[in-house]
Ligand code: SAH
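Before any questions on how it binds or moves, here is one chain, the form predicted alone, in structure tokens.
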Amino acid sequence: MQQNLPQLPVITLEKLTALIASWGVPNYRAKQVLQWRNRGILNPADMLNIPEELRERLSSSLVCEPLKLVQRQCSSDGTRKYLFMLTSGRLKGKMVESVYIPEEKRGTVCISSQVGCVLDCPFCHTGTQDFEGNLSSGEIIAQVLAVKHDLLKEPLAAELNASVTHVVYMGMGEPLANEEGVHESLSSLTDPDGLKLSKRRITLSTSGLVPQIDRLGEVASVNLAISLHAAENRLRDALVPINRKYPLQELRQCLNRYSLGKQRHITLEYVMLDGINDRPEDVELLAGFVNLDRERVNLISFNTYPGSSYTGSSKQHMNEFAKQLISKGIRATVRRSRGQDIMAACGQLKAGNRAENRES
């Protein structure tokens, strides 16, 4: 069955070399194929220096294009949001979203790890979508490659970066609820024959699955971001329901164990909700939770979505909240929200089963 075939986005040089050698093809062709792949070219028909017979063999023997671009939206700030349809396997026909965030000196791809989400955080738009399944490692990496290909075809404004320098697992889904796909995709991102990204340029955001965080630290100690949003159990139970299974005291011990390289910190993400987690007592609770030597706090605007009952804190209040944290010795910043006008900002991703093939 097609879903059991090797996936071109994540196949290693060693495995591809062995595969094409079994077809009687010279080893150097494997490197040529991966050079195309690493640029974001996944359709063998577009690999112009590859013999036609090998291109046909690759097309029939591998899952080459696990995603199909359905829609691209461009924000006024340069952010791009992509809607992809899965083309094979159990999730064939389902939709997933990714975001590219360009800045002057870096370009970040925000990727999804699941269709929908297994968690039910009430302030997150993705949480309102039913969970339908985990993405494979190939489907995860294909998002990065598709963005690279799009940037080749449609460059950005000259003042913005038009390359992929960083990857964040902050799209749809809880990454650590999909350990197999995420661990394999991390291996592919850092593969010297793949995208060759440093672990320092990869960030994984999780709601706090304690055993999985421990295993991540053993497998690939990439940058870690925690969706905290409250620093006392009663409130966090409501905002981040996984807290009922792994309460703050367990999360605290886990974060103290997580392997950190030199000059690296864990980021505590904190979406600010008016009158709910932005009170004076919340400053004190947060200050009591943070490990000053290992962590920093990133305050995030609540990005509204249709049907939401929450209101975000004002920008002025967020800045004051940050100043109070800083006065207590905490490294605190207010995140600049990007892509709000195309529903691409933090907490806004949600992909329905829109099968129409359009691009904007």
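Nothing here was measured: the structure is a model prediction, and the numbers come from that model. Start at 1 and count along the sequence shown; that's the residue number.
Keep in mind that the form predicted in complex with this ligand is not shown, yet the notes after this line are about it.
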Considering non-hydrogen atoms and a 4.5 Å limit, does this ligand approach residue 182 in the predicted bound form? no
Although this ligand is absent from this view, report whether residue 171 comes within 4.5 Å of it in the predicted bound form, heavy atoms only. yes
Even though this ligand is not shown here, does residue 124 get within 4.5 Å of it in the predicted bound form, heavy atoms only? yes
Consider residue 305 of the chain shown here, and say whether it contacts this ligand in the predicted bound form, taking contact as heavy atoms within 4.5 Å. yes
From the list 108, 227, 243, 134, which entry has a heavy atom within 4.5 Å of this ligand in the predicted bound form? 227
Which residue among 251, 115, 83, 271 has a heavy atom within 4.5 angstroms of this ligand in the predicted bound form? 271
Name the stretch: of 139-147, 275-283, 202-210, 69-77, exactly one has residues whose heavy atoms fall within 4.5 Å of this ligand in the predicted bound form. 202-210
